Ligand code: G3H
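Below you'll find only one chain, the form predicted on its own, shown as structure tokens.
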Amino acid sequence: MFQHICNGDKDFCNLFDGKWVEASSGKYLTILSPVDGLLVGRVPAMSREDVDRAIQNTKESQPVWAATPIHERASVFYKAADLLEEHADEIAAVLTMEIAKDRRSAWFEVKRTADFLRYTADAGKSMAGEAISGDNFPGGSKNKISYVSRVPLGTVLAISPFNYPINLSASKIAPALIGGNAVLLKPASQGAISALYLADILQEAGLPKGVLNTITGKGSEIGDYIVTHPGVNFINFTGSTAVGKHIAKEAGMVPLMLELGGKDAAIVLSDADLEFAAQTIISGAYAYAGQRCTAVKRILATGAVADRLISKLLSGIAKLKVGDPREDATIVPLINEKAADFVMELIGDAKQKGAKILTGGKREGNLIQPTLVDNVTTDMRLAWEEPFGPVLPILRVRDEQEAINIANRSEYGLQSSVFTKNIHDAFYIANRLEVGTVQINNKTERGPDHFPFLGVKASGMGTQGVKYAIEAMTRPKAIVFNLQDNGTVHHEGPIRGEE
């Protein structure tokens, strides 16, 4: 079925105007597996000229797509969801080798994306305009009526990350398309092959040519060119805070949605169910080796609570499977050597300044053992910087107020967790945390995908979640009817069609 595999079984092409094409230069980027270092495939290294053509093609295709009835747009997503599920095992296998995601999580990402597409189709069909009577406002009149509808912005640039190349590509593409936009998808190089499978699925499901085009290539060569391109009307980016800030600076007046980094804290109170808290925190901190923006990245607890919690954490961490994602390991090789170097750098800084490595702290290639670090203090980098790896620091605090203060001192503001049996304490702390979402008695996490998902401060801009994303990538348009006293619309000249 898949058409984007162009030459043999290792060279892949980009989607352009309904066809699968190579880069005009003939150059490729080589994608090696973090699992075994072997070749996963090659993707085209597209040029600036290729970007120009792809964006221009979306401009030619988007008006026809915008004029397509929403129920017809939705039908593409229903079919694409079915195709994703039909090929889930094959696509999950690609995910496993390209980004070292364990088989179960890879399969779940594909299934979750199918659910996302169906829900987006349903949400799109529920979009409705509204009529506003002029007499609602003082001095207004019933003779003035505003009909307000939502219209597309034009071409949406979707830039997806390596860690969820199927799901986080779809979370940008589907709301944009159901709103009538065209999309240019620029996936991270590592993860691009998986993202191209999604584009192929959407094309096979009946998406008209030119409505979705893809661009692969080095960010250093085409990144700034794309985000400053005058043909881009909206940028939807997931990635690091440093890159997000750079895009915001370069993009100027183009509206943005940015999903950036986090330093999500788990605040554990003395009355919490510590067995449950430990199991939940372990799941939140170490799944996919911690390579998630919503991973639990620090524990804040009093010394007495920390002492009781540590033994439960160590017991659970010892049960984590470490190694090959094909064997359903939880702790898998990090995406590249640079990522592993950075994690070890943070661990080394903490150890040098007096922190205690309770378990882990060792490395073999890009594989880092699950690490728990106690007695982390606020002068250590591990207290503040996002490792994006399997390391969890414990910061001992005097009381809940100090926990709130330390949590809020972070440059990030994505999510936090509070573990307690006291609803009053839960809401007291939740109301004071400077984050997009507070989880009560749960790990920090993204879903369900119809919930609002957002970060404040350096964690992002804009609100995701199906309905919110559709609204972000469309705009209201008002048409005002001015009625005469007899109820007819005032006009001059012949009515269109009667000339």
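A residue's number is simply how far along the shown sequence it sits, counting from 1. What you see is a predicted model; the values in this text were computed from it and never measured.
The discussion below concerns the form predicted in complex with glyceraldehyde-3-phosphate (G3H), not included here.
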Does Arg42 make contact with glyceraldehyde-3-phosphate (G3H) in the predicted bound form, using a 4.5 Å heavy atom cut-off? no
Should Asn366 be counted as a contact of glyceraldehyde-3-phosphate (G3H) in the predicted bound form, where contact means heavy atoms within 4.5 Å? no
Taking 4.5 angstroms as the cut-off for heavy atoms, does Thr280 touch glyceraldehyde-3-phosphate (G3H) in the predicted bound form? no
Is it the case that Ile178, even though its partner is missing from this view, gets within 4.5 Å of glyceraldehyde-3-phosphate (G3H) in the predicted bound form, heavy atoms only? no
For the interface check, one of 59-67, 468-476, 442-450, 45-53 should have non-hydrogen atoms within 4.5 Å of glyceraldehyde-3-phosphate (G3H) in the predicted bound form; which one? 442-450
Let me test this: is every residue among Ile99, Ser105 and Thr330 within 4.5 Å of glyceraldehyde-3-phosphate (G3H) in the predicted bound form, going by heavy atom positions? no
Using a 4.5 Å heavy atom cut-off, which residue among Leu168, Ala195, Val183, Val391 comes into contact with glyceraldehyde-3-phosphate (G3H) in the predicted bound form? Leu168
The one residue among Thr420, Thr294, Ser410, Asn233 placing a heavy atom within 4.5 Å of glyceraldehyde-3-phosphate (G3H) in the predicted bound form is Thr294
Residues within stretch 340-378 having a non-hydrogen atom within 4.5 Å of glyceraldehyde-3-phosphate (G3H) in the predicted bound form: none
